[in-house]
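The data below hold one chain only, encoded as structure tokens and taken in the form predicted alone.
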Amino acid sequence: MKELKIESTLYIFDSIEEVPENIQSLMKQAVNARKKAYAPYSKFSVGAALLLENGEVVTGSNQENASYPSGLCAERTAIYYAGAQYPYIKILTIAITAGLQTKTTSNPIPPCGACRQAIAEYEVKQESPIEIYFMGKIGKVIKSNSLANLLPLVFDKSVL
């Protein structure tokens, strides 16, 4: 038997003011998207902003439904819109902010598993990493240079 050790490198900023200015702007667009979330059941709002290679920014917010599986996360809302509108343009960066509507969330909240899988699909498709920044409503911001840090044993088209 052999041991497989997996390591991830993440970068932690104490606040949004510490990230580069272009990321601050992207995160502010994610905050604006979070404010548009439709989350009457969970009261958990998420906003995402994607910076594309052509300079366009695409945003998304989570959209819930009384039939819970019919809803969609902010990250996938934005990613799928970008894929539909700009199918040959790479996604460079994703900024994500999330938190409860009923209190101030200060812990960074990463993408859920389904969103990690969707991001992985686009990293594989475009053959280049996507930077991911995520935070709560306030506080620390975490940066990953690639989805591979958050989902190291990715399931992709190579196994099909």
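Each residue number is its position in the shown sequence, starting from 1. Values in this document were obtained by computation on a predicted structure and should not be read as measured data.
As for the form predicted together with a small molecule, it is not shown, yet the points below apply to it.
Query raised in the report: Would you say all of T59, G83 and Y122 touch the small molecule in the predicted bound form, counting a heavy atom within 4.5 Å as a touch?
Result: Not a single residue of the candidate spot has a heavy atom within 4.5 Å of the small molecule in the predicted bound form.
Report task. Would you check, heavy atoms only and a 4.5 Å threshold, whether S42 touches the small molecule in the predicted bound form? Result -> Yes, contact at 4.5 Å.
Query - Partner proximity in the predicted bound form: L52 to the small molecule, non-hydrogen atom cutoff 4.5 Å - result: Taking the distances in the predicted bound form, the answer for L52 is no, it never comes within 4.5 Å of the small molecule.
Query - V46, heavy atom within 4.5 angstroms of the small molecule in the predicted bound form - result: V46: contacts the small molecule in the predicted bound form.
Query raised in the report: At the 4.5 Å heavy atom threshold, is V31 in contact with the small molecule in the predicted bound form?
Result: Heavy-atom contact with the small molecule at 4.5 Å: absent for V31.
Query raised in the report: Tell me which of 87 to 95, 107 to 115, 22 to 30, 131 to 139 has residues with heavy atoms within 4.5 angstroms of the small molecule in the predicted bound form?
Result: That would be 107 to 115.
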